[in-house]
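The form predicted on its own is given below as one chain in structure tokens.
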């Protein structure tokens, strides 16, 4: 039985969802929140299409979450969707962050401020790890794990610059994926 067509997202719904995501995601972890809203709750996109956007957002220059928002908006409604998703992710949170920066400049020395910010960062990290584990469950065969391990060692352990590592790893990974697909 074929899957039902996902509901078409209106431009207003894209703006509202991404504005809400931007406002609710302090501390990071936006891809996890985007997955919950776009794939699980609204079913606007498949898991595979979303994970392709996550991968693309990570290899392109710029903020991963903004790249992912642009990708999702473009997939849903073309360039108008992309622009509204990016505006929703960036606009309202920018105003809140500006206000928080002003408050921090004035009240940043209060006891407990570092604890609050640490808690927010921990929640964002956990959300990011959740998305990574979802992607890892879809990795089949040895080569994706080998590419992930090489990338982790090169960047995380050896502290090599990310851009040159990615420029080498991406073509190798694509070639391995193509070879594995055509060997089957």
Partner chain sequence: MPLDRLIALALVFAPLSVVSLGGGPSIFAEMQRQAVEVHGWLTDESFVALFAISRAAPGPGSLIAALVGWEAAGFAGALVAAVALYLPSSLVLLAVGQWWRRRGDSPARRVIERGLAPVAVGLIFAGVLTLMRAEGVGLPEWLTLVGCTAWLMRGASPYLVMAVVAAAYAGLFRIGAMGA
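Numbering follows the first chain given and starts at 1. Quick caveat: nothing in here was measured; it's all calculated off a predicted structure.
The following text describes the form predicted together with the partner chain, which does not appear among the structures shown.
Engineer: Is residue 43 close enough to the partner chain in the model of the complex to count, meaning some heavy atom within 4.5 Å?
Structural biologist: No, residue 43 stays farther than 4.5 Å from the partner chain in the model of the complex.
Engineer: Under a 4.5 Å heavy atom criterion, is residue 39 part of the interface with the partner chain in the model of the complex?
Structural biologist: Residue 39: no contact with the partner chain in the model of the complex.
Engineer: For residue 85, is any heavy atom within 4.5 Å of the partner chain in the model of the complex, or not?
Structural biologist: Close contact is absent here: in the model of the complex, residue 85 is far from the partner chain, nothing within 4.5 Å, heavy atoms only.
Engineer: So in the model of the complex, is the partner chain close enough to residue 169 to count as touching (4.5 Å, heavy atoms)?
Structural biologist: Judged by the heavy-atom cut-off of 4.5 Å, residue 169 is in contact with the partner chain in the model of the complex.
Engineer: Counting only heavy atoms, which residues in 34-63 are within 4.5 Å of the partner chain in the model of the complex?
Structural biologist: Contacts from 34-63: 36, 48, 49, 51, 52, 54, 55, 56, 57, 58, 59, 60, 61, 62, 63.
Engineer: Look at the CA atoms of residue 147 and residue 48: state whether they lie closer or farther apart in the model of the complex than in this form, given a difference of 3 Å or more.
Structural biologist: Between the C-alphas of residue 48 and residue 147, the gap narrows in the model of the complex (3 Å or more compared with this form).
Engineer: I want to verify one pair: residue 58 and residue 140. Are their C-alpha atoms nearer or more distant in the model of the complex compared with the form I supplied, knowing the change is 3 Å or more?
Structural biologist: Note: Cα gap between residue 58 and residue 140 widens in the model of the complex.
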